[in-house]
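We begin with a single chain expressed as structure tokens, specifically the form predicted alone.
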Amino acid sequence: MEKHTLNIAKVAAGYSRKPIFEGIEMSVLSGQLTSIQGRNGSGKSTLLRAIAGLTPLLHGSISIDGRSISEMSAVERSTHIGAVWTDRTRIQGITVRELVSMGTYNGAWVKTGLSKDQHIEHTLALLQLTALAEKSTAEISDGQLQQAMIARALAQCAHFLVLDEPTTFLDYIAKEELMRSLKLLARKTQIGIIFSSHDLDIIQAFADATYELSEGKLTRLNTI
């Protein structure tokens, strides 16, 4: 499968032109799990939102395969980066299949060679959600809902997924199950997954590369 690279070069971001962090450098390869750890308020969510193109940069650039995401429209960017945030919205009456189908809005599924319905079924299967497809999102567990939200983002056919604290609200068994699914997903689909976490045990067990954001600086802690 084709490999992709997300590159962050000398990035600064913040609010009211006051940087939360600056001089950030990071290179992320598809097919890997990359973690970002740091204390509350260190800027992890802001950095992930910048990677997703939702927080404007004060300085620097973020690019995928050499092309700046700032040059892309929102729809085009969605074919390169999908995202799942910490807030969990349970919409009464929306099934898991309908939630996942929302990720096909950008039309990128056509490059899979599958029909839209086939692509949705394939995505459900990748996250082990086929048996839950007709259930309402209001009646499944937190872990299952998180998998469904990730499946929705995966349905965008993006090269990278950004996950903000994906194991929040999950018990330890559910955390391990989710992270094993993500590891397998990265290997099978060659998608790059960037996630933030406070859980050092989860990071050590599953991340291929680990970074720490502290006092406005990003430091790489390990190399696979």
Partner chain sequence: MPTYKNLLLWMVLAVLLMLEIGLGTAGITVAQVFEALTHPQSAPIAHSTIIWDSRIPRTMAAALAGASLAWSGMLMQTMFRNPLAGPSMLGISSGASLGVALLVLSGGTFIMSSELGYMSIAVAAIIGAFAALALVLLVAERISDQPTLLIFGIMLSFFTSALVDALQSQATNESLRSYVNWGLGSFADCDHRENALMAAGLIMSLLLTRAILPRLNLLLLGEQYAGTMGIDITQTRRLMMVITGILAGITTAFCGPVSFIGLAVPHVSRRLIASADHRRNLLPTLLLGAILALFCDLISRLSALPLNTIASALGAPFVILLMLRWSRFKSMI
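Just so it is clear, the model here is predicted, and its values are computed rather than measured. Positions refer to the first chain, counted from 1.
The same protein has a further form, the form predicted in complex with its partner chain, not shown here; the description that follows concerns it.
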Close approach of I120 to its partner chain in the predicted complex, 4.5 Å, heavy atom: no
is_contact(D142, its partner chain) in the predicted complex, heavy atom dist at most 4.5 Å: no
is_contact(S35, its partner chain) in the predicted complex, heavy atom dist at most 4.5 Å: no
Heavy atom of G93 within 4.5 Å of its partner chain in the predicted complex: yes
Non-hydrogen atom within 4.5 Å of its partner chain in the predicted complex for each of L154, K183 and I202: no
Interface stretch in the predicted complex with its partner chain - options 168-176, 192-200, 44-52, 27-35, non-hydrogen atom within 4.5 Å: 44-52
Residues from 101-123 in contact with its partner chain (non-hydrogen atom within 4.5 Å) in the predicted complex: M102, G103, Y105, N106
